[in-house]
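Before any questions on how it binds or moves, here is one chain, the form predicted on its own, in structure tokens.
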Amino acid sequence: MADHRSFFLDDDLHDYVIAHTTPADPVRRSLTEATAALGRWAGMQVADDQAALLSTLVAAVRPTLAVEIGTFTGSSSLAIARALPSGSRLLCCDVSEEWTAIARHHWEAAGVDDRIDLVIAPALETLQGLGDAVVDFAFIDADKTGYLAYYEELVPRLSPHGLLAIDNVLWSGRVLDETAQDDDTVALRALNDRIVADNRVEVVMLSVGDGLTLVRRT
């Protein structure tokens, strides 16, 4: 997301949304700038309105254990961690020491590093190692071809009040482009079809960011 906004808003609507959303504080602005310095990779950072939504959802769910799949430079994890109740934990799963070093710096600056456990390893292995742990909130924003496996690991672990958020489900609209047959697009189509047909859950797909699906167990 090169311009760091929800994909499906024009400039005027985007400006209006941001003007009516709690503004980013200095730590988040610093993180956005540090991520922008990565060049083309900066597009993986969640938009400001999406970060605000994540914080709102977490504050409402009040999770004891939250899980993030795909941390990158820490924008979404910062939003999640800040909204956690006292004594709660956020487990972050990523494979990059370089990108998560930026996250660690900003977690510390925001005073939330003591509630985050970062595991540098394949996320599926980390999830499978959770055993019978109950997850109250989870956010998936990693390799698209792995989404379905992450979903299947997380849904059985969701608490009765738990919520699973999944990013990039609209994929800049490519999910509707029949000529787009790359692995990521095909994987996202399959995931979206699987979720809406899954009788274990209730689902709503939002056009925030690059498309955000919210899932809860029924």
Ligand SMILES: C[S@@+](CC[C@H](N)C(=O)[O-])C[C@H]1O[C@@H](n2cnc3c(N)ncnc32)[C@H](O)[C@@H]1O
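The structure displayed is predicted, hence computed values, not measured ones. Heads up: residue numbers just count along the shown sequence, starting at 1.
One more form of this protein, predicted together with this ligand, exists but is not displayed; see below.
Site annotation in the predicted complex: the residue of I116, I102, L84, C93 reaching within 4.5 Å of this ligand with a heavy atom is C93. At a distance of at most 4.5 angstroms from this ligand in the predicted complex, all three residues S76, A123 and Y150 contribute at least one non-hydrogen atom.
Proximity of E108 to this ligand in the predicted complex falls outside the 4.5 Å heavy atom cutoff.
Though the partner is left out of this view, F139 does reach within 4.5 Å of this ligand in the predicted complex, counting heavy atoms only.
The closest heavy atom approach of M44 to this ligand in the predicted complex falls within 4.5 Å. This ligand in the predicted complex is approached by G70, whose closest heavy atom lies within 4.5 angstroms of it.
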